[in-house]
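Next comes just one chain, in structure tokens: the form predicted on its own.
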Amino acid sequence: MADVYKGELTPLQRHVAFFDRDKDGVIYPSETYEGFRAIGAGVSLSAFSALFINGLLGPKTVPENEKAPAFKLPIYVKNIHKGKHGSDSGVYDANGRFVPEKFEEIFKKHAHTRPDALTGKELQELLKANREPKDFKGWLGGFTEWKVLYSLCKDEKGFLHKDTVRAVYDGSLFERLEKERKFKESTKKKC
């Protein structure tokens, strides 16, 4: 197990640690793909996510005085805070710590239909409100993260619940989704 796991992880590190399937401190595209499949994403979304996420975040997280292996696109869990993009919600600070006030602000400002959930339209409003001028990469990053979350986790009425969003930020959602998927698969096999 990598040194990063020997101490207390920041919430942002816990958020990405799920995708470090072998717990060596480095997330390769194959692990990102495997993690997305584990939470129930399809083959296409998982493949796109692996290339997109590792391609954008990987180079930013390479430790100083190290050179990343060519074309392997590793993401280093220890340095994930360096991959934080602009035009985001601000719920993680520059060091990857959770900022409760910013989390609550999402729902105070944008949850108009229900105080504890976001609709697709309210999510669009959130994304638009977080855009920084000419930060196209940040816009794309935010859009992709939130849209994938919404598509995987909205309920049957189209609501993305506050506790689900909170679980993304504290790193527990992915493990929960994997357990739910495994349970459903084992139930199908028994029938």
Ligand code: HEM
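From a predicted model like this one, the values you see are computed outputs, not experimental measurements. Don't overthink the numbering: it's just position in the shown sequence, from 1.
There is another form of the same protein, the form predicted together with this ligand; it is not shown, and what comes next is about it.
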Contact with this ligand in the predicted complex for residue 52, defined as at least one heavy atom pair within 4.5 Å: yes or no?
no
In the predicted complex, does residue 118 come within 4.5 Å of this ligand, counting heavy atoms only?
no
Please check if residue 146 has a heavy atom lying within 4.5 Å of any heavy atom of this ligand in the predicted complex.
yes
Does at least one non-hydrogen atom of residue 84 fall within 4.5 angstroms of this ligand in the predicted complex?
yes
So which residues in 35-60, when you check this ligand in the predicted complex, have a heavy atom no farther than 4.5 Å from it?
36, 39, 53, 57
